[in-house]
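Presented below, as structure tokens, is a lone chain in the form predicted on its own.
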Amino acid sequence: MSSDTRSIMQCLKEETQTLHTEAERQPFQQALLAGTLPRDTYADSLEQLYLVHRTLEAALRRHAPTVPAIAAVVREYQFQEIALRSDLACFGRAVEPVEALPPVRAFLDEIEATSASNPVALLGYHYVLEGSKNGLKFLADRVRKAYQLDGAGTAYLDPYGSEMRSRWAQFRQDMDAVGFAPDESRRIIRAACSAFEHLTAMYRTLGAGVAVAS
């Protein structure tokens, strides 16, 4: 019997911390923070994120009627496919066709496999993307300035505005209230770790050759 008394959110934060830090240290992220990331490279990243969100959100919607944990946690306002469509339009990008980079293709395939075999673990991927909004909100003003955006083009970075803190608190509360079985928790944590690994590989690919100021 497991003696782990941590909540699922504690486990997710602690078990993914190293991977989270690695993701934030990619040249892509550093250049974006510095305002030096090429505009087209940033738009490329939105295209890839669009593919991820579209696939994951379709799977979550598909399973919400039959998987109580998904129904209890996932809310419509958390879905970001529409926001990404809007941002891509601001950068003159069409959402079709968009070709997945190899690490993103691997991520999409994994999401589909998880959806078919163990849908509750989709919440691990969802945790990573929902949690990323805390840091992305900080980048919104920098991105607007770097790419001379006039109030548009950052719907994905700051979807909640002043409600960011309360919505993250609600997500935490909902996840902790589910009462996942130990095996479910392990699968969710593994999915979250895998999401960080796939996204880091995506940003490493996108950031190849990007100069970072010393």
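Note that the coordinates shown come from a computational prediction; the quantities given were computed from them, not determined experimentally. Start at 1 and count along the sequence shown; that's the residue number.
Although it is not shown, the form predicted in complex with a small molecule is what the next lines describe.
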Quiz prompt | 4.5 Å heavy atom contact, K13 and the small molecule in the model of the complex | solution = yes
Practice problem: Check whether P103 has any heavy atom within 4.5 Å of a heavy atom of the small molecule in the model of the complex, and answer yes or no. | Solution: no
Practice problem: Verify the contact flag for Y147: yes if a non-hydrogen atom of it lies within 4.5 Å of a non-hydrogen atom of the small molecule in the model of the complex, no if not. | Solution: no
Exercise. Mark T114 yes when one of its heavy atoms lies within 4.5 Å of a heavy atom of the small molecule in the model of the complex, and no otherwise.
Key: no
Practice problem: Please determine, with the chain shown alone, which of 38-46, 24-32, 173-181, 61-69 has non-hydrogen atoms within 4.5 Å of the small molecule in the model of the complex. | Solution: 24-32
Exercise. Flag this candidate site as yes only if V128, G135 and F196 all have a heavy atom within 4.5 Å of the small molecule in the model of the complex; otherwise mark no.
Key: yes
